[in-house]
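Coming up are structure 1 and structure 2: the same protein chain in two forms, each one given alone as structure tokens.
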Structure 1
Amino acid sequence: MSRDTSVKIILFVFFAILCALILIPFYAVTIASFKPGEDLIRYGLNLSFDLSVMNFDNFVYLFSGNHAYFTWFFNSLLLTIVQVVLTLLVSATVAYGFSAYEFKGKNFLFICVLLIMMVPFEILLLPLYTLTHNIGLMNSYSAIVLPGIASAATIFFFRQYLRGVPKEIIAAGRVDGATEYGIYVRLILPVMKPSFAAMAILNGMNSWNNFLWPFMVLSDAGKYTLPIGLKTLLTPYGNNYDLLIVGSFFSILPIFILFVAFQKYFIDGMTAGAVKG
């Protein structure tokens, strides 16, 4: 066996082991979702593939509709869609403003964008909470969507992307008599399409999984999103564990499917913010 082949085998085995370690929790959840919740309480989450205790009861229960799971599911879906569409449109517009023009205060404003990326959002929890309370937006989706609408990370990404778009497009648009806004809508937005895909997926993933702020804002169980709903199932009583575990499994599923279909965009979106050397 040549040296190259042995290097290949060693690397492959090494990564295969790491990969198995990383996938174990998913395997455990999948197995557990076929077992009764009381098993989970008695024996904990484990790897035992025991067909004698495994059945589809949890899945039947999940789809029986005797609980709010799918209300939460569709709330999350709705919120994610609204959040992604608004965030992308607003952030792209802002990014275009930063990339296409020289104007007074531009550098200062852009430093603000960068600073936001370094300030922990968590320290704003209390003032935002009192603000939301005072303007009467408690328990509303607007309170969740609005603060993130001009997302610093998304603006940053779009601006980086727009740097690669030739400025001649804008000049040509002006020569043809298009207005400043016409240029953006008709000439620039279409060019930005690929970057929209990456950001849609990244923002969608964040929004689907978002927990802390919605958890603080929403008080009405009918408005809960999926992560909040699942969190409320975490009580010491066995019955909920059936739904918790199968619900957790099912909450990963849509993202898994999206991920498999759009892998490239996930990975582009994730690495896009990274600084180029």
Structure 2
Amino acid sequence: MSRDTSVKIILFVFFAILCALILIPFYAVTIASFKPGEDLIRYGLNLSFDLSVMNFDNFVYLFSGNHAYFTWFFNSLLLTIVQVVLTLLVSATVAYGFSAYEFKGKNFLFICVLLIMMVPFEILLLPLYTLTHNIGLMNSYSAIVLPGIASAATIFFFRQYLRGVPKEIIAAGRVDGATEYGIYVRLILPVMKPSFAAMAILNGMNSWNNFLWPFMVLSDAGKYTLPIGLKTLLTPYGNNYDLLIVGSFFSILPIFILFVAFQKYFIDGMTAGAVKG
């Protein structure tokens, strides 16, 4: 057996094991969504496939029961769409400025972006909460969306991607008489489609799963996002595991569908960003 073949076999086994470790939790949640909540309380999440206790009662309850699940779901969906669109537009514009123009303090500002990437969000919670309270944005979706629209990680990725875009494109646009705005919108943004797809998935996943910051700023139950709403199902006075487990199962689907739909662009964008950086 040649060395290359041995390496391929080892890599195949490694990624097969990694894939299994990733899929097992999804399998457990899927199976649990067909079981009654009492079974989850008694045995916890497990991999047993017992047809005698499996049914569609949880799904019937999800779509016909008296609860606020779909209010939470659509709140999260709206917030995710708005936050992703604004984050991509603002971050791409900032990254284009770093890539296409020379100005005083450019390197210092980009170092600041890198430093922000290294700061855990938990360190910013208290000052950000104080600022949000002082400017009157508490219990509003603006308090959730605005702090993240200039994402340091997204700016860094877009900047690295744009470094691989030929400068001749910008020069040709200027020769043809296009404005700087026209060059950005008509020439640069179409080239960035793979990177937009990659960052849309990553930012969409972060926004969809965001719990801590929305939990701190939202007090109106009608504005709760899905992670907060699911958390309210677990209380010291009673736990609604029937809705919790099937609701958790459905909460996975939007990100899964998004990734499957844009998988090709995601891989192209991540690869191009890595190589062109």
Partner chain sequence: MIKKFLYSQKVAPYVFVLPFILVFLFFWVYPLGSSFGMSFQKIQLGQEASWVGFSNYEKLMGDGVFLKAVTNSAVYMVLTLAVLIPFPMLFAVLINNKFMWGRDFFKSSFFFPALTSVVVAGTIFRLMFGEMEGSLINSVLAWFGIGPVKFLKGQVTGFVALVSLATWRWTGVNMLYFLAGLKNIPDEYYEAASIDGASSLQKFTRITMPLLKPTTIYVLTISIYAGLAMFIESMMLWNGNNSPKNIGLTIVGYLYRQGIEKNNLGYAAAVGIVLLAITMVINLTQLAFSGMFKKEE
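Bear in mind that the values here come from a model prediction, so they are computed numbers and not experimental data. We call the rigid core whatever largest set of C-alpha positions still superposes within 1.5 Å between the two forms. Residue numbering: sequential along structure 1, first residue numbered 1.
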Tell me which of the two, 1 or 2, is the form predicted in complex with the partner chain.
1
Using a rigid core superposition, assess whether Y43 undergoes a CA shift of 2 Å or more between structures 1 and 2.
yes
Keeping the rigid core fixed, work out how far the Cα of F12 travels between structures 1 and 2, to one decimal in Å.
6.1
